[in-house]
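As structure tokens, the next two blocks hold two forms of the same chain, structure 1 and structure 2.
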Structure 1
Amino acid sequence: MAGGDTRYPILVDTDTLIAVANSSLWTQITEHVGLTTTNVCKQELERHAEETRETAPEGSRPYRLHHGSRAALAALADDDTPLTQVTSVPRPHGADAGEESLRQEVVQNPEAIDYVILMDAAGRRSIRRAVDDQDEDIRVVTPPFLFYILYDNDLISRREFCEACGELLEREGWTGYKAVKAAWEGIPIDCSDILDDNLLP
């Protein structure tokens, strides 16, 4: 984990970390994109790593949760990786604790954040309301946006970007109309020559 109190301006939740940690672009993300998560999300990752089995069938949800969580935790533990955590005070509890910890961070430290990345639609709405209340210029986007950051910085090709987005949506089961539409929000890249229509907005 990068220096104790380091904050990177991209705030990510548990599902985002798991989804991108399971992707082919995880190495590029951990080398080039500084991310911040919360202690609550870290605890969710630890719970997923403990409660799911390494031997789960490849491609299954337990397999993805286990391996993605372990990869994200390894990155958090590595001082050379630009992935850090902040502590949520007061600590939120319950099923949406991770998302609530991101919302709390937006309310308490809006000047430190440029992007909040999460897939959950209700979580995004709640955080957008907090951003509006703070009158801040923070973008609330979905996990594929991390791949766009790599592309926008000339670190991957358009084909690599498109394929990684398609793989992520299929692997995570984010293939419903609303999920796909949300996934591409704010991404000005045309992948229609590479991906099937059902993975495009």
Structure 2
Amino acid sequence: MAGGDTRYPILVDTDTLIAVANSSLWTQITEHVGLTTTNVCKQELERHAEETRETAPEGSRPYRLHHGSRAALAALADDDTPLTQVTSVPRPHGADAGEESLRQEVVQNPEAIDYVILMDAAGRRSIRRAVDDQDEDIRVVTPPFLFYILYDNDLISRREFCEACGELLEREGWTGYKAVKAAWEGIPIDCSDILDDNLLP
């Protein structure tokens, strides 16, 4: 965790952290981009790491949950890494507690947030509505936005951006497809010469 009370204006959920921690760009993200999550998301990461086996078949969902969660937790514990957490009060419970904790943050501390990044499309809509209700200028976007920040600042190449999007597409199925497709349509970066045909239209 970054020292003191540092908080960064990009708020990320559990599944976003796991997805980017499993990507080839995790090192660059934890080196260059400031991120904030919640104590509730941290607890979800801990639960994933405990409930899934380290020896799950490589590439399986339990494998990704285990190793992605552990990588994200290691970054949270590292003072030199710009990943920090805020405490959500009251602490939400249940299956969507992580997402709910982000929604609470948006309502309670809107001035501290510029972007909210979630893996779940319905969750993004729910938080977008919370933002609209408050008339705030907070953008709710898909996880490839973190890859885009690196690309936009010349920290990675177009190839690296495309490959990270391709990884996400393959791993996350329809969920990842929606996230990556929205990114490609929102910013017309052509990945057709880099990705296999089966990952592209």
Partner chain sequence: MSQESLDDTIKFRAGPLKEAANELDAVHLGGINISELGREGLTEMLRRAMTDDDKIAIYERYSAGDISEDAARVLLGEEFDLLQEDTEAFREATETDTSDYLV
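As the structure is a prediction and not an experimental result, all values here were calculated from the model. When a residue number appears, read it as a position in the sequence of structure 1, where counting begins at 1. C-alpha atoms forming the largest set that superposes within 1.5 Å between two forms make up the rigid core.
Only structure 2 of the pair represents the form predicted together with the partner chain. The two forms, fitted on the rigid core, differ between structure 1 and structure 2 by less than 2 Å at the CA of V12. Core-based alignment between structure 1 and structure 2 gives a C-alpha movement of 4.2 Å at P188.
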